[in-house]
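Below sits a lone chain in structure tokens, taken as the form predicted alone.
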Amino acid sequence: MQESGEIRFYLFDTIQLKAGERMNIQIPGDVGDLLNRLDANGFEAYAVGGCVRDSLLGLSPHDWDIATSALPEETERVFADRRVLETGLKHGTVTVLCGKIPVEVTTFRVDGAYSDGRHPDGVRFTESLKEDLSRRDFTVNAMAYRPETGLVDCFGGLNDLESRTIRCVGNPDLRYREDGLRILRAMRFASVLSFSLERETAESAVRNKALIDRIAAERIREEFVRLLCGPSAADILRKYRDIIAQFIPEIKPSFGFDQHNPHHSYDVWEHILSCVDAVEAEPVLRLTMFFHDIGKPYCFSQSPDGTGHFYGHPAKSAELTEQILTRLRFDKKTAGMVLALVRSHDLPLSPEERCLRKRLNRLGEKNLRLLLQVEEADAKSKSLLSNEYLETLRQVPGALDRVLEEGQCFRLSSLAVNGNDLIDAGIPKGDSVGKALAILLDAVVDGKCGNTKQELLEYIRKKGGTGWTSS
């Protein structure tokens, strides 16, 4: 076993993770040039953090970060011929642009106190890579690498990668008190990488969950969405539901709420988790499944035979969802799509053309296709009684394609008449024209009238008793 604080060096560019499986750390050429130039000027320089972790896992890093013994002003001198941005000078960070790749280069440092529970009040520069790594959040993010030296692993990060474990560097309580967002980051990493939280790391996260109250809504939103879209989202939500309830307290009543309904095999919370697991890992879909039944406990009633009912729960779920999305500062486009799907998630769908035209009129093609995925995930997460509806849903995509390919009318812009046509037919200008167009669209969507100019004008003439037409 590795002793606490021991520096482990792994030479060359391959790391043994599992028997018979070797992974390379391949540093992009531009990033390698930065490391080489710092080294040529007498400074230590390593790739650090997530780029090392992801490389060891065989993933493509999104960002490359460098830690160096060079002070910020020394880094700027070394790269005087490149564009250098002073993005975090107070904390020792400059960003060097390598073509299109921005690389953060940060001086080895030790953080000061975190009085705001999010950022260090100040930093102290150090010449020790080990000290720099010791301030980082999790062991899998506290490794450094350069080709000449190999992997530097002071805190057992490689072992934790092998065992698929998220573990705080040092004391978890201290790490979380420094930055409460680390609680959600731990959960997000576990969800996205399908890892587990080490016992003390997990217990401390639950114990310190109130620290999340100090975190900006935007940062909570970002971590929550990424967590939701991980392959192990349902498992992490299940294990750490009390942490989720810290910033979404509206979800609490669903925990263990018995539905008392033969169409449901799960309580409300477990049904939500099953739905999250059953839908594509796309933010709008995962958010919709998380929120679609959040209003159920608020709408519960029972018939004399004990069967549970949730009348009006889509509207109540949408009401609660809107409050939550606003509080977490979601953008209007995402919020609008999620709310439309939550409100509509109980709308019956069928391959019948009239039904599809009505749904297209209400939702549009994009949201209707999303709703189809929502309802399929919902049905899969109920009891066997929903199997018949699942079979119906599977016939919808083909029928929807046919409706669209045939150009069937489901919106005003597709009507064979316009406002001028109606005015020419004798309908007075103003609101009457809009009302008449709406009636015609409803008639076409319902199949009561064909979408030709002659049929539409004849249909509206028959409404002459409304006073819209002049005879």
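Numbering starts at 1 and runs along the sequence shown. None of the values given here were measured: they were computed from a predicted structure.
Separately, the form predicted together with adenosine-5'-triphosphate exists; it is not shown, and the next lines address it.
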adenosine-5'-triphosphate in the model of the complex: contacted by all of Pro253, Asp293 and Asp378, heavy atom 4.5 Å:
no
TL;DR on 390-398, 368-376, 136-144, 76-84: the one with heavy atoms within 4.5 Å of adenosine-5'-triphosphate in the model of the complex is 136-144
**Study point:** 4.5 angstroms heavy atom contact with adenosine-5'-triphosphate in the model of the complex for Arg226
**Key:** yes
Does any part of Phe189 reach within 4.5 Å of adenosine-5'-triphosphate in the model of the complex? Heavy atoms only, please. yes
Practice problem: Would you check, heavy atoms only and a 4.5 Å threshold, whether Asp160 touches adenosine-5'-triphosphate in the model of the complex? | Solution: no
*Even though adenosine-5'-triphosphate is not shown here, does Pro28 get within 4.5 Å of it in the model of the complex, heavy atoms only?*
no
The listed residue (His271, Arg185, Arg286, Arg359) that reaches within 4.5 Å of adenosine-5'-triphosphate in the model of the complex by any heavy atom is Arg185
Answer key, adenosine-5'-triphosphate contact in the model of the complex at 4.5 Å (heavy atoms) among Lys429, Arg411, Arg402, His62: the residue is His62
